[in-house]
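The data below hold one chain only, encoded as structure tokens and taken in the form predicted on its own.
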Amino acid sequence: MAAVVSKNNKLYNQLMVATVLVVTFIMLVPIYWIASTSFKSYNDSVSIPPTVFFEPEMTGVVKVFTKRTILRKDPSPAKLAKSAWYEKIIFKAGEKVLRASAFPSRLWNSIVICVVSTAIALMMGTFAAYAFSRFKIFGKDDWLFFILSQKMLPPMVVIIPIFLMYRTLGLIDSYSGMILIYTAMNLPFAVWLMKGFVDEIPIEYEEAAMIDGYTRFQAFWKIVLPQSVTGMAATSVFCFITAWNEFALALILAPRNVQTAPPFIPSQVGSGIPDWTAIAAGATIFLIPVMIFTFLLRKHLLRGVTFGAIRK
């Protein structure tokens, strides 16, 4: 009987491993396709059936960093010889470079807005979660549900009143306005997730510290906060990704100077039609900061998403 159970367990484990590999492959295919499209020629990017094997080129990457126009006539050999390498690539695509595009500044806007809003949401969420976890608050469950209910409305439902308020307050197309709205968007999630982590830290540790002469804030700072690092890492990653990928609010509230990358990338067009190589290159570059941020927090993230805090 034991041999049969062992054999069944082995088969089950093999099926689970196979399932994980298949799911991983399916999830990575779109990422591979976007990354590979950024190194295709325009004809390869729109070919039917799709082109799998191709000669890579840098046209898409150059296009996303440049503003171009149609090339009316071929450049002279002398001008071609003096042109930079990226201009020669664009010449071959039938266009010429006018100036650098706004993509780097849009990417920088995304980084600044998302980092600052994530930090503020994490700080406020941690303090609020500690209060809900440790203190007796009248109507605590109702307040927690009210906080969570803020995530139930899609952005497009509230975008018009928010736009009108922002226009009145002069927050349209400003860093402060985007940081404020992204902080408000992520705060309910931060409160709920951090409360789960704080609940799992034994209150006896704080009581012992306060018996030894610590104040409530000192006990929080030296006892609770270090034990909440895994939860803070997981929360910050999720908040950062949510703000990083947000499209609708950024499109309406930051149309020009502080526009973020998500609304900018789809605006990349060639000669009146979408240039999928430039869009794919922008999307691929757009993935890199999130990957770096997640990689830096990888040690805490795995324990954080599995609620690996100290248990009673």
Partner chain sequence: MAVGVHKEATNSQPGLARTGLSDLSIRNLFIIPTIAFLACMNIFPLIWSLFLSFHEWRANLPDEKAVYVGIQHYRDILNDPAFWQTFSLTAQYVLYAVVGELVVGFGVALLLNREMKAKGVITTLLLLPMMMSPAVVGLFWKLLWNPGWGIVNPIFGLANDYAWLSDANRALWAVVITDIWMWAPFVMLLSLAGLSAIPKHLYEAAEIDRASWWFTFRNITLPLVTPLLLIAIIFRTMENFKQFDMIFTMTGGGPGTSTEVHSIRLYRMAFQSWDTGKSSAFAYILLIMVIGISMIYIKYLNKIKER
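Heads up, when I say rigid core I mean the largest set of C-alphas that superpose within 1.5 Å between the two forms. Quick caveat, the model's predicted, so the values are computed rather than measured. Residue numbers count along the first chain shown, from 1.
Not on display, but discussed next: the form predicted together with its partner chain.
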item: Its partner chain contact in the model of the complex: residue 183, any heavy atom under 4.5 Å; value: yes
item: 4.5 Å heavy atom contact, residue 59 to its partner chain in the model of the complex; value: no
item: Contact of residue 154 with its partner chain in the model of the complex (heavy atom, 4.5 Å); value: yes
item: Partner contact for residue 133 in the model of the complex: its partner chain, 4.5 angstroms, heavy atom; value: yes
item: Contact assignment for its partner chain in the model of the complex, among 119, 159, 107, 229, heavy atom within 4.5 Å; value: 159
item: Residues in 190-225 with any heavy atom within 4.5 Å of its partner chain in the model of the complex; value: 191, 192, 195, 199, 203, 204, 207, 210, 211, 214, 215, 216, 217, 220
item: Post core alignment: residue 26 C-alpha displaced by 2 Å or more between the shown form and the other one; value: yes
item: Cα displacement of residue 46 between the shown form and the other one reaching 2 Å, rigid core superposed; value: yes
item: Shift of residue 287 between the shown form and the other one at or above 2 Å (CA, core fit); value: yes
